[in-house]
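This document opens with one chain alone, in structure tokens, the form predicted alone.
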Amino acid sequence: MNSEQIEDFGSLVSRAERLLVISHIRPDGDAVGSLLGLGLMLEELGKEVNFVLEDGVPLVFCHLTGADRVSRKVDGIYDLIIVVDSSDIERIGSVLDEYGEPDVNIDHHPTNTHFARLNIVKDDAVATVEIIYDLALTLSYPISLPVAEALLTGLLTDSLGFRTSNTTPRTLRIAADLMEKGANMQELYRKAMLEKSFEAVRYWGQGLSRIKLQDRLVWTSLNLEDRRIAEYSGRDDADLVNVLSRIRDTDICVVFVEQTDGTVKVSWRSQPGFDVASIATQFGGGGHKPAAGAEIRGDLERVQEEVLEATRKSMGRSGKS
């Protein structure tokens, strides 16, 4: 992100009246925090803003201001279309199929494909909300309490509570500034990262019952029947991958989640020294060295076999699942 990009973004915003902000399917805290943080900030500049997430806002983030206004479909004509926290255009789903190329892409993934007219990509940022915070500071945009809460939520969740290797002293300074603006970090952390629904924990139980460990690689899967039994409404792994990442003496963990459309959502987490983004890109996905994902067409068993083989190869080890 350079001064010219910031100036271009500011110019686009100043000329627009009706804006659309979108993020990716199966949204995480950074997606929701970026969407709401930027959108609410633009509203405070006097803009008309629509918020869209094809999968809606996960229950765990519904306490954030503006969450109840997020739509699942795009409707109408807009002066400016902004996509946040998405490494490629496919990640947002089908909501922009009839709208063409978006105007702005704001993201922090190293695998970003620069799919918009203006691409503000800073891959050393701990989260996309960090980039939005920087834009606000440079362009003198207001950071109200609701905006601060949304941005801090994204910062907390993508850094796993300031535990990821790309967390820097500046990350903590940004968090401190957002706290000084009124955001309650302890409460936001509890709601976003500690509290889980009964259904989510039952869903974990299904996956944990078939967990496997071999040569410092740990993995498990969640199928459609698991989701039905647990009565879990989401299409993700309910954050199970981050539970597996805490297992001692492991290098990489993988979770496979069967989807209703004939695909499998795959999530990787790794310890320092391993690059799971390079594995994800082999399957059309992306992410960061310590955390990546992909959505792969095929049945659960075949996808698991192919992904585990590629993961073992990346680790320099071999074995059978």
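Quick note: we count residues from 1 along the sequence shown, nothing fancier. Remember, it's a predicted structure, so these values are computed and weren't measured experimentally.
One more form of this protein exists, namely the form predicted together with a small molecule; it is left out here, but the text below deals with it.
Interface residue remark: Ser270 is not counted as part of the site for the small molecule in the predicted complex, having no heavy atom within 4.5 Å. Interface residue remark: Asp103 is not counted as part of the site for the small molecule in the predicted complex, having no heavy atom within 4.5 Å.
At a distance threshold of 4.5 angstroms between non-hydrogen atoms, Glu295 is in contact with the small molecule in the predicted complex. When contacts are judged by a 4.5 Å heavy atom cut-off, Ser87 counts as touching the small molecule in the predicted complex. The stretch among 195-203, 213-221, 67-75, 88-96 whose residues place heavy atoms within 4.5 Å of the small molecule in the predicted complex is 88-96. Residue Ala291 is the only one of Leu42, Ile279, Ile252, Ala291 with a heavy atom lying within 4.5 Å of the small molecule in the predicted complex.
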